[in-house]
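Given next, in structure tokens, is a single chain: the form predicted on its own.
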């Protein structure tokens, strides 16, 4: 059915369904569609509207007291379709070792078998429109690698990672609009902000989702099952705000709600000079049928285990001259703010953009991610057709980092209140020394392989790395089998509440190396089928 804005809602309308899903991003829309396909009635609630609304977006403002996040709270978009409305589209699979307890992450084991997750990935990949079967196998692309790339990997000390992009990034609100409208089992409400959950008098069940509008109207939505799919920060916030019967918040008997916050810190750190003629055909990225691919480099699992290293990877991106890079970065900063002005509203800060001349966001805006597929394919073809000049080639190292489990890296409720009158979030993001140690180990290993093969040399980063967040908010409501060490069970159901489920990367027990969107969609399918199997 067509989305109904809360401002247009009949005051007498009943907000009830078999399943109430709060949050209409990748996880929420996937769950709603799958539940409807399985015959369940769904009420899908999104706090944002179908178009950007600066006042609503401002509700995502938070107090950052730890390592700083990017400004203007752009990493979370409160709009129908969620943050995928801004997503660049990089998709990755977790690796088997990411789900296991490892020396660097001893408490990070997932309560899900690798085989189960692997079986879900192909369907999730089709939902995201990614290149077809086998595209995540590194062997598929190593046949196209250059002699230099094969030489770098020959010793087995470095292993390839695979990133894929669809022809265009999946926009869930746009691309699934027809199916959502056609479904007689899905009702959609926009503009209603979830401010907490009301627990039944007898406990152990959520009776209603409490909603509020910026105009001060209060509503409630009731469902036999309630699913929170609001992201890695807001899922935790809603539990902490639900104190009617539990002063510590719903699902927080173990005191873990909000703890173990993780992202994938990223940094441009170190440079490589390749010998003339050392071509990069898959490490720089290339168009392929159905999308784009890029291989990265990671330390081999056996070496990571031996040295207790986190699962980082890096990519090689072309280095401009210092002047070009400086001007490029200023243009990027301004363009990002102008293009997203509808999302940041009055917080557009061009003065700050012009003052920022660091390459921190280069990794987000390489040509393969910002150009339309046809334009990138044309650019790539022209570049490949140009005569090769016999001169060294320079690249920067863009590091994508896993984080260890740290209970002090967390979100709590702030003393400040937002426009709805409810406490804002307070984020204390910690970046641990192990993150930097893993970066150094990976860069040094790359340097050794370059020297061994005679392909070039490494100039490691001289200063402390300057990290930026990746909008991958994970771990604040981690899953597990033991209620003393986790918030939700292996299916995402809150241990203490029979009909409350959490979806998305807030449930990840550890972050692994991969962008989370593909895994979020895979787990959403799994969770929807589990919920539908109950007598709602």
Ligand SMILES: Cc1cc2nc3c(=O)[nH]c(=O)nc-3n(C[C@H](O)[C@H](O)[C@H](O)COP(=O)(O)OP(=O)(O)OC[C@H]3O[C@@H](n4cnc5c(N)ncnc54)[C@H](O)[C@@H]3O)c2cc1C
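Model, not experiment: these values are computed from the prediction. Positions refer to the first chain, counted from 1.
FYI, the form predicted together with the named molecule isn't displayed, but the following is about it.
Checklist entry - Hey, in the predicted complex, is residue 79 touching the named molecule, heavy atoms inside 4.5 Å? => result The answer is yes: residue 79 has a heavy atom within 4.5 Å of the named molecule.
Next on the checklist: Check residue 429 for me: does it contact the named molecule in the predicted complex (non-hydrogen atoms, 4.5 angstroms)?
Outcome noted: Answer no; every heavy atom of residue 429 is more than 4.5 Å from the named molecule in the predicted complex.
Checklist entry - Might residue 517 be said to contact the named molecule in the predicted complex, defining contact as any heavy atom within 4.5 Å? => result Result yes; residue 517 sits at the interface with the named molecule in the predicted complex.
Next on the checklist: Within 4.5 Å, heavy atoms only: does residue 512 come near the named molecule in the predicted complex?
Outcome noted: No, residue 512 is distant from the partner.
Item to check | Within 4.5 Å of the named molecule in the predicted complex, all of 251, 311 and 488 (non-hydrogen atom) | outcome: No, the whole trio is out of contact, none within 4.5 Å by any heavy atom.
Next on the checklist: Within 4.5 Å, heavy atoms only, one stretch in 146-154, 378-386, 93-101, 190-198 touches the named molecule in the predicted complex. Which?
Outcome noted: Result for this chain: 190-198.
Next on the checklist: Can you work out which of 395, 87, 110, 136 has a heavy atom no more than 4.5 Å from the named molecule in the predicted complex?
Outcome noted: By the 4.5 Å heavy-atom cutoff, the listed residue in contact is 87.
Checklist entry - Exactly one of 161, 315, 183, 83 has a non-hydrogen atom within 4.5 Å of the named molecule in the predicted complex; which residue is it? => result Exactly one residue meets the criterion: 83.
Checklist entry - Can you name the residues of 228-248 that have a non-hydrogen atom within 4.5 angstroms of the named molecule in the predicted complex? => result If the 4.5 Å heavy-atom criterion is applied to the named molecule in the predicted complex, 228-248 yields 229, 230, 231, 234, 238.
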